[in-house]
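Before any questions on how it binds or moves, here is one chain, the form predicted on its own, in structure tokens.
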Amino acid sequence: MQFDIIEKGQYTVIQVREARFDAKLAPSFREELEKIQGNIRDHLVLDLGDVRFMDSSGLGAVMGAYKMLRNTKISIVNPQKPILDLLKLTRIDKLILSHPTIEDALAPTT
């Protein structure tokens, strides 16, 4: 799995650098999250801008992160239309908010 981790104040940003978030990538994503779980800040931001395809395994990995990090806010940023459609179809968009940019996800809520 190719990704970048950026620590920014109270945020941890994981930029997934893969075109497909599928059964091949999901196990390594989970493993990496388990490794850094203790270092993740108050808000985990998943940047999926490079992801063009996500299957049920990728969706399961995102939900696994949601369950693993119960006390952490999680956001998805820059999802491509097929990913955004999948999040809406499965109603995960009600649990994990999507934002067009990292800056939007990191902006304080009023």
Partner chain sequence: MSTGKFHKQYSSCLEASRTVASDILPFWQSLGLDVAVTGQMELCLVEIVNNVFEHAYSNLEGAKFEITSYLSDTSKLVIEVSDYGDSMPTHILKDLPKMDFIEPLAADPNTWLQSRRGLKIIQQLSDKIEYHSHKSRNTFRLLRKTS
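Since this is a predicted model, take the numbers as computed values, not measurements. Residue numbers count along the first chain shown, from 1.
This protein has a second form, the form predicted in complex with its partner chain, left out of what is shown; the following refers to that one.
Mapping the unseen interface onto this chain, residue 54 counts among the residues with a heavy atom inside 4.5 Å of its partner chain in the predicted bound form.
Within 4.5 Å of any heavy atom of its partner chain in the predicted bound form lies no heavy atom of residue 15.
Using a 4.5 angstroms limit between non-hydrogen atoms, residue 92 touches its partner chain in the predicted bound form. Of the heavy atoms in residue 49, none are within 4.5 Å of its partner chain in the predicted bound form. Contacts to its partner chain in the predicted bound form (heavy atom within 4.5 Å) from stretch 63-84: 63, 64, 66, 67, 70.
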